[in-house]
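Coming up, as structure tokens: structure 1 and structure 2, two forms of one and the same protein chain.
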Structure 1
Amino acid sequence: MKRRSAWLWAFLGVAALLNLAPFLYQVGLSLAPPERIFASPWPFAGFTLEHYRYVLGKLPFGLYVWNTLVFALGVSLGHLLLSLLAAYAFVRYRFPLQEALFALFLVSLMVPFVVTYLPSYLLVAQLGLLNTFPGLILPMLTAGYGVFLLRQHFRHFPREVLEAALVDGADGLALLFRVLAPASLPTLVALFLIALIGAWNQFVWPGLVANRPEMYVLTVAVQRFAGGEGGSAWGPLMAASVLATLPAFLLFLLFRRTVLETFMEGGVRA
């Protein structure tokens, strides 16, 4: 028994270490003195903030953070609101074509973006919305995941509570926002965070639609920096990448339990 558990620990420990190694290198390089970067396989000696200073002086990070924040908040709040309303419609009412309409949401999760991006891009361009926040945000507001998750969650809501609320005269928006939503707060927070982190990390769509430097989001800015002068400047590049990754990591670590549980409950790719 003891032997077996030693193997287990070794297997999981090594796997976890390998899994996290890229992050260790990312942080290690961003703090390593330049001469350490190729000196050995372990660039984790010495400590300097010069890469951070360089990057923050060189790139308009505040602007990128602002762009990313507006984009990510727009997408996640919109996603939350739209899916809240639609999921409510699916559980509160019965209506013709209900199952077919729900299937539309579910299937949308499995449509690869390569099929939808070109037409969406053309539409956004035609509306003159390239390099604008509406052009960035609106096409991302397809709420398939949220509708699926919340509908599943609402269905398990205790029936007696709802019937009591109905007797009290709470129906429609009141039933949704005074009864269902407050009671489902952890799931709503998790859905919001999953959407927020997902949007924060978006790369392909913002790279297509927001290609003017003053509209770059962080992921795009870091990649363009790597494609240009940052390509060989690994220290500054890793400093920039740490700054871009950190907010999503902190949010996840703070709300770890709720997010993980909701992921398990939904069992759907975000």
Structure 2
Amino acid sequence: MKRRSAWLWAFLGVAALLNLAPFLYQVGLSLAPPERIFASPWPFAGFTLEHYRYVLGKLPFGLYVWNTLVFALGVSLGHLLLSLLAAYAFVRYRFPLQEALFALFLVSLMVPFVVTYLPSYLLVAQLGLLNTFPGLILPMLTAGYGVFLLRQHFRHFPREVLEAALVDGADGLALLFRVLAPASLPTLVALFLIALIGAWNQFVWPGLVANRPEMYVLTVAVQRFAGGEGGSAWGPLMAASVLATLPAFLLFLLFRRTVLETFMEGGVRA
């Protein structure tokens, strides 16, 4: 049994290392002296922060972080609120075509957001919302996964607690925001983080809708830097990529247990 467990740990360790290797290599290149980057496949003999100083001096990173933060928070909070209200309605009330409507939410899970880029872009352009935060955020407020996850969670909530709250006079939104939501806080936090990290790493949609420099998010700013003056400056380009990736990476590390438990809960209760 111990031997089997050791093999399992070894396999998982190798798999984790293979997944992390590109990011670790990127971090290493961002800290390597310029003359070492192409000197060998292992250019880590030396340490410098020169590339980070160059990037932070050339690019308005504070503005890009602010744009990304507003975009990611808008998407994640909107996604969470819509999911919460829709899931509660599906669990608490009975109405015509309920199952058909829920099936439509599930179908939306099968439609990747990328295939809606063109109609969403045209709609945003018609509304005059290009290069604005509402234009960035509103088309991304699809909540199929969140509705599915929270509906499954609410369905298994202890009925006795709900009945006691009803006896105390809590109903409608009071039941949702005073009983269900506080008791489901870990699941809501995990759903919020999943949406936040997904929005933080978005590239194509922000690149389409927000193409003015003052509206760049971090991913778009790094791509524009790579296509311009950073195209031949590999060290600064690696440093810019690390700075763009690091917040989402740290968020996941901090809350990984909550996020993974919620994923497992959604899979088990599906």
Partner chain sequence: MQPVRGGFWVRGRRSGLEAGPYPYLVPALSFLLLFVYWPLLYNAWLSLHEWNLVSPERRFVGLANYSGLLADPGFHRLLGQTLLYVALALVGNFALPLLLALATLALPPRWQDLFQTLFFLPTVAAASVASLVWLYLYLPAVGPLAQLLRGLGGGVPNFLGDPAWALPAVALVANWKYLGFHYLVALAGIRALPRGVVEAARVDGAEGWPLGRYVLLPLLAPTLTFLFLSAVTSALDYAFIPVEVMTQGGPFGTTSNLMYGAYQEGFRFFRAGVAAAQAVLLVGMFAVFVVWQYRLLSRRDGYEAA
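Definition used throughout: the rigid core is the maximal C-alpha set that superposes within 1.5 Å between two forms. This structure is a prediction, so every number in the text was calculated from the model and none was measured. Residue 1 is the first residue of structure 1, and the numbers go on in sequence order from there.
Query raised in the report: With each form of the chain shown alone, which structure should be assigned as the form predicted on its own?
Result: Structure 2 is the matching one, since it is the form predicted on its own.
Query raised in the report: Would you say Gly13 moves its Cα by 2 Å or more between structures 1 and 2, aligning on the core?
Result: Comparing the forms between structures 1 and 2, which are aligned on their rigid core, Gly13 does shift its C-alpha by 2 Å or more.
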